[in-house]
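You are given structure tokens for the same protein chain in two forms, set apart as structure 1 and structure 2.
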Structure 1
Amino acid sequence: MRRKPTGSFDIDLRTSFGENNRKELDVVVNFPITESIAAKVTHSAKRNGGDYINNITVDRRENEEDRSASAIALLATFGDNLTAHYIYDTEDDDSDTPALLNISTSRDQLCIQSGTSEETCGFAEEVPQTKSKVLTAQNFSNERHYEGDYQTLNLNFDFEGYEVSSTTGTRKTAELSNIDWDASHVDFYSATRQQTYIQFSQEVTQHKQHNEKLAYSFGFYYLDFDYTLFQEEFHVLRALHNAGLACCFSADDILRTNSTQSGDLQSIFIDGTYQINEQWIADAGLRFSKR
């Protein structure tokens, strides 16, 4: 799937079917655009198959998979001195948040301090609350969505005796997920999380084979990123309060977390290798980075 375009027309196709209505598809298409430009298109998809766990609280199937990923790659060759390789990737994932099984017991400290009923915490230690490893009692939403877009451009060319490689990349992701941390049929601890990430990076490396024994490389790297997170945690404060681990929170309190991070990194580096003899190579490098 990650190989460069071949420049000739060909199609690779794989599909499979399985239990629980499982479907998988992978397809790769290579084709030439011009004599100097080749292209490749890929697509991968997975559907269903994971929902072998039943939820006895809200009457739903769990662990269903629903994801797809596509990419297009272009490879251009201009004479003997320049090649350009561009890749665009995109993915979309609506798979369920994985189901959890409640294996708490009546002797767990949180259950003791909170006065939770035997129905929630009291059962045999060797099996989950539902007495089955394919049944869950979770009551919170299992919806999840993830999407990402990624671009990479790699240039390779010769410049006054140096082999120059330039790599430019961008990444953008967004995710929304609901998580039922307690895995029981009551709202002990659940959370909703939203996060985004944006990144830009640039690296340029110059390599020179000085003679048969000595070679060296030098270059720079730059990174810029932004990250945001918003999270709501439900009922955990009430559980902590009932357990005597916190105070001054009402039963309806919700813990909200907002986090924003951004930054950049600049780095320069140099590396050299020296062929001492047929058995030994000396390698030394130095990098300086600043944020």
Structure 2
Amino acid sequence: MRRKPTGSFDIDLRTSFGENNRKELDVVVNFPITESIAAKVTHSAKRNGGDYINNITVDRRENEEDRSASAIALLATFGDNLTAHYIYDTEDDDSDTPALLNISTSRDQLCIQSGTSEETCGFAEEVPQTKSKVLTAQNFSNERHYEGDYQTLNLNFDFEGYEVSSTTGTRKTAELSNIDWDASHVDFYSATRQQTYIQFSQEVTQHKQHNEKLAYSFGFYYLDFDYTLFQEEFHVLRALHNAGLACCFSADDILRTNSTQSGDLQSIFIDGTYQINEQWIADAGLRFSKR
């Protein structure tokens, strides 16, 4: 649970940096809008760098991971009875990771691991991406881009002697990633994947302190989500076709996956506690869920 807007003007700033291009920045700014409305803006940025050394080629490549998350929060108080807390979040995550291992063709491997120079690797084929016979490369880097947008509304008020709490949330996330599973310069096995996830949820809870000993809560919950996946996998079949080694495979030998999943969940719940004495509390609860 994050801190609520304070209603006063204050700034909290933290930053750190270190070797391997690591940088982090976290900042929180609180400020009042009116006497009854407080606001808060937060921003968090993180960059992880570093280098990966390829065990075979001893090639050093920079790793890039960037993440930023921002949020705007409003806290409104209406009289003594109602508070509304609204939060809008957005986050962005980029990653570009070089190959940890380059598994090249057997001929290239033989040449590389013999520790010889390009001149003596006459039998090896030139790798298109590096224009070299000893430096292999991926077909494409392991890139990923992720975006998220989230909204949260918390309402708290008193009604007929009950403390009522309502939480409404929406989450929208999307990811695009390219993964080269085999990490060779031949397209043996790689995948491009697009995913989206959209969620809505609503929860209402009522709580009552019946007397000094007995308290109880009850409420309902609703969750709805949609998930979609589109994935293209390139397999060795296509590589065989491109290499002219197979007669029966076409360039379209790509495994495509289209998947959608939708679901919802409803639940009702009740929970009560009874203070038996100073040492003992009895608690009983029941929840019924359907999804």
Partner chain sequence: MTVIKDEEIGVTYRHDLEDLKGLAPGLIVDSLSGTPQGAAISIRGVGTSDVNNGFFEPGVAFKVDGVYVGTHASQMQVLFDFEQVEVARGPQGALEGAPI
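All values derive from a computational prediction rather than experimental measurement. By rigid core we mean the largest C-alpha set that fits within 1.5 Å across both forms. All residue numbers here follow the sequence of structure 1, with the first residue given the number 1.
The form predicted on its own is represented by structure 1; structure 2 is the other form. For T273, a C-alpha deviation below 2 angstroms is recorded between structures 1 and 2 after rigid-core alignment.
Relative to the superposed rigid core, F9 undergoes a CA displacement smaller than 2 Å between structures 1 and 2. Taking the rigid core as fixed, one finds a CA shift for E19 of 2 Å or more between structures 1 and 2.
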